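Have a look below at one chain only, the form predicted on its own, in structure tokens format.
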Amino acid sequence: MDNSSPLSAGHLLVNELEAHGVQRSYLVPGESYLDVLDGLHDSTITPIVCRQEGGAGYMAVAEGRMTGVPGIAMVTRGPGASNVMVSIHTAYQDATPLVVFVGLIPIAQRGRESFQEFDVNGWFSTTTKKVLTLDDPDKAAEVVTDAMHTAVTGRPGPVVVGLPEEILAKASSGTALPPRTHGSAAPYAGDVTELRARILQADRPVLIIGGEDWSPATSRRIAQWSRDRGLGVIGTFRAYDGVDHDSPNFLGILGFGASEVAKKTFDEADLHIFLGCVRTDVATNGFTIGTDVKTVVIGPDADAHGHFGSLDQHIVTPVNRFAQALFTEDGARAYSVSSDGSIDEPAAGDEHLTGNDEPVPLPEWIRDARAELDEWRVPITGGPTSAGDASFVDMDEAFVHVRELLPDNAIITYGAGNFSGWATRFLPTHGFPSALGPRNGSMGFGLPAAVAAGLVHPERAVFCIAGDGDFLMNGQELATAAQYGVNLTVVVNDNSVYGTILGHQDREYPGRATGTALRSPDFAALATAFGGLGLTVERTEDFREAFEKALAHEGPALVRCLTDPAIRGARV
């Protein structure tokens, strides 16, 4: 293309994404947005070619969660748009910044039941923050800027941009625009003062952490502050990596598979401080625990979307800004934050002072709860591996080896199913971002998320735990991992059943299980066929060696563990 010629709308769209710092676009190509694909040819943005739009969307969700920059997915009209919907729902319920570009039929063909036609607003308007359509080539940069801004401001979420085929190829008089300033409110000094007073008045104050507006520096700041204020800390469902789990006041995770001590701590608290998250049905076991408690919500959403129950103080500010405010308003004398975000210990004699308050030693109830959590997080080994005589892998014991061999900075990913409980129970995380799971309970998220994690953080180990049903939701993305040389390790719990649903059937309709049995392929052979390393383990004693080989392999590696369908979760 002549450099002196005006850019096409499709090329300008790509330039605008570059101006917003986008590094990757996860896509399945389609003829409806060819000009955008052509614009990527000479772009600094790396196109990650995926094998199904659902996988592409999940990768974009994972990238948005890790970086705070909206993940970018590109798909074609009709079938492509329907496939990507699962990731849009995930981003909407998980409050993750995501922008999905969807090719559309030419404008002149609208309303004629044209090939792959659909109503982009009708499909997506109820599950997005905004739906935009680029009907004017001169507004290409403006539409992208609007989408990127909307996705990250307030409560983050997904934005869908429709791209009529012929508009993309038209010359645009527009030029790339600077990203809009992302304003965020800082807490008033009075907010911090009131919060401090509430904490001092409480006997059992608990901080519930969640959301995605975290950074390594914020993680350290919040961990320090919560210790100094004598707060018990609990992670919310599948968003629990905001604080290092080695912190002595970290007391577990809420949601499905929660420990009894986490639920008890939450239920017996007399002050709930939700930081980056809100009180939901999953966290409260269907609003049956911890609902009638003095409550503070701290987050960027002025609507406190999804929060139910009492709300006695609402501090509208992002997590990062709140953490900064603590160390300027509440602890300027006590803490020195270095340029890399690390926190220097106070000078001798300061004793972790915050403001004019005396230090608060961790109370006995926190120390007792932590001891109970530590005991619960130790896998029970030496028990039966099956309900019968056959030999199977004991996943509790396998996770002893996973925990020992995984580096502390590993990123852990999973989809939905009982198998995820082994990760959430036995694999502590040590700083944001370290855990990627779908808070909307969407199966098939783990492997695409692992691919994105390996691309965003190639310097870190990436571990995905999957069930046999979950894995085949997006197992084809092993091909994407192999194509781009992504280092990741997958453990598949192969028990030939949709275990979570079978558990519900056993409880509600005992002896009448229907529609939950699976006949799975040889996942190890599948991984090898995709260009990775595939290993099968049938006995517990063989797991460690296989997992070591998988971790050491350059590229994608998979360990298939044959397990008993009658044992569907960690022993208690």
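All residue numbers refer to positions in the sequence shown, first residue = 1. Here the structure is a predicted model, which is why all the values come from computation and not from measurement.
The same protein also exists as the form predicted together with a small molecule; that form is not shown, yet it is the one meant from here on.
Asker: Among the candidate residues I315, M473, A258, V293, which is the single one with a non-hydrogen atom no more than 4.5 Å from the small molecule in the model of the complex?
Answerer: None of the other options qualify; the answer is M473.
Asker: Quick check on this chain: which one of I88, V402, V497, A217 has a heavy atom within 4.5 Å of the small molecule in the model of the complex?
Answerer: By the 4.5 Å criterion, the partner-contacting residue is V497.
Asker: Can we say D94, T127 and T150 each have a non-hydrogen atom within 4.5 Å of the small molecule in the model of the complex?
Answerer: Negative, none of the three is within 4.5 Å.
Asker: Verify the contact flag for D241: yes if a non-hydrogen atom of it lies within 4.5 Å of a non-hydrogen atom of the small molecule in the model of the complex, no if not.
Answerer: Judged by the heavy-atom cut-off of 4.5 Å, D241 is well away from the small molecule in the model of the complex.
Asker: Determine whether any heavy atom of I501 comes within 4.5 Å of a heavy atom of the small molecule in the model of the complex, and answer yes or no.
Answerer: Taking the distances in the model of the complex, the answer for I501 is yes, it comes within 4.5 Å of the small molecule.
Asker: Counting only non-hydrogen atoms and a 4.5 angstroms cut-off, does G441 reach the small molecule in the model of the complex?
Answerer: It does: once the small molecule is placed as it appears in the model of the complex, G441 has a heavy atom within 4.5 Å of it.
Asker: Taking heavy atoms and a 4.5 Å cut-off, does A416 contact the small molecule in the model of the complex?
Answerer: A416: contacts the small molecule in the model of the complex.
Asker: Considering the small molecule in the model of the complex, find the one stretch among 136 to 144, 72 to 80, 441 to 449, 160 to 168 with heavy atoms no farther than 4.5 Å from it.
Answerer: Comparing against the small molecule in the model of the complex, the contact stretch is 441 to 449.
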